[in-house]
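A lone chain, given as structure tokens: the form predicted on its own.
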Amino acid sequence: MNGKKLNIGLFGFGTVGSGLYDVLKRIGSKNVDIKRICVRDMSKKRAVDAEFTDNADDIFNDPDINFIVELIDDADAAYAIVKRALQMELPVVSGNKKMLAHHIEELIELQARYNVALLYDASACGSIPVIRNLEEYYDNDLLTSVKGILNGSSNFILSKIFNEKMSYADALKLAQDLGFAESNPTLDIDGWDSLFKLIIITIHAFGLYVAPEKIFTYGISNMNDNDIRFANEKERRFKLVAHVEKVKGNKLIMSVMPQLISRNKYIYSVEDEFNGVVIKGLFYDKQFMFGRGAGGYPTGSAVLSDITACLYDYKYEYKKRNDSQLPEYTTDHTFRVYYRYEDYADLDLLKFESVSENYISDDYKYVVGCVSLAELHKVQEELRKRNVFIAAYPND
């Protein structure tokens, strides 16, 4: 696309779509222009001088439009838009991590078949260029793990709880009032948003696709004051951590769950709506990436970075997927966990391999012990339904 002007058909004009529009206006880009914007509700007042439509065909049938940007919430609609764009040989940028986490393998095949780019750096960590770094810089077998805080909303809530002694309910309400959390916050606080991002990151880190339903995912919505007190007594903090790691025998483990993080860890100090990603390798130890993980301008600027990359014919190459020694996904791995429970039926839910700490009082019961990832995955639906809370509790 060198020397060409990108005339963009934009789908979605929410926080990120309007953020991208403002960023482009402010930098005055001469070779990137939003020509038409497709929205769901045409009656909504928008204080911008742009051409709007509620019909996708108006964008796809416009011969001047040579680039698609998809920034909508609806994963099914996003999938239809991205697939149609690729089949029309139109390069496309997507921000929909749920859609990508479910359809990435098919979309990789479509990119190859139609020789066209799909970029989505903005889908994983807002302003942090984690995907392109994994794709380009860490494109060898030295990488051992990627872990971090991938959801700004849940991290904002936890920051308010541990720094300002807010209750969980008050911190959640503040996050909603400030626009960091949705009115229905389950996508963020129950770990699903982090899960979708982890799946995308893993494709670029290790070349392997693992479907969402195979990965243990547990959030912070069941956390209570006893759990917070326990963390404070141990001089740790809860953080909602997404984690992929290569273990013995070229196996790969993945999880999303709260972790009790000690003060000496990088992500202990990641506050508010920020994200932090720790990349670990065999010979370079740990490297830390930090930045705003949400919001119109940070994510809009990441979308613009993807758009600009397409001006130079950039594509993800998915080099690691062609590796003959692809790692194998496993849940055969043991974690030390903190588990707060209500009655013995809850305790029987998990088969602990060993228990190192056991506390029982009338209104608070917990154990610290080792349990397998397979065991956690088997009962994850029950864990969400009951009045229990579980968190990884690393030894260091």
Ligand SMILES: NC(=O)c1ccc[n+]([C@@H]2O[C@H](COP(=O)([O-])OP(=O)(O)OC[C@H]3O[C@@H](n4cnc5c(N)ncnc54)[C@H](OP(=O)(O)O)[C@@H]3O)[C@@H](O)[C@H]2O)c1
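Just so we're clear, the structure is a prediction, and the values are computed from it rather than from any experiment. Residues carry their position along the shown sequence, with the first being 1.
This next part talks about the form predicted together with the ligand, which is not shown.
Pick from 95-103, 248-256, 234-242, 280-288: which stretch has non-hydrogen atoms within 4.5 Å of the ligand in the predicted complex?
Of the options, only 95-103 has residues within 4.5 Å of the partner.
Is Asp323 one of the residues lying within 4.5 Å of the ligand in the predicted complex, judged by heavy atom distances?
No, no contact at 4.5 Å.
May I ask you to check whether Gly207 falls inside a 4.5 Å heavy atom distance of the ligand in the predicted complex?
No, Gly207 sits far enough from the ligand in the predicted complex that none of its heavy atoms falls within 4.5 Å.
Applying a 4.5 Å heavy atom distance criterion, does Ala294 contact the ligand in the predicted complex?
Answer yes; at least one heavy atom of Ala294 falls within 4.5 Å of the ligand in the predicted complex.
Touches the ligand in the predicted complex: Leu71 (any heavy atom, 4.5 Å):
Residue-level check for Leu71: yes, a contact with the ligand.
Only one of Leu347, Val32, Val39, Val371 gets a heavy atom within 4.5 Å of the ligand in the predicted complex. Which one?
Checking each option against the ligand in the predicted complex, the one that comes within 4.5 Å is Val39.
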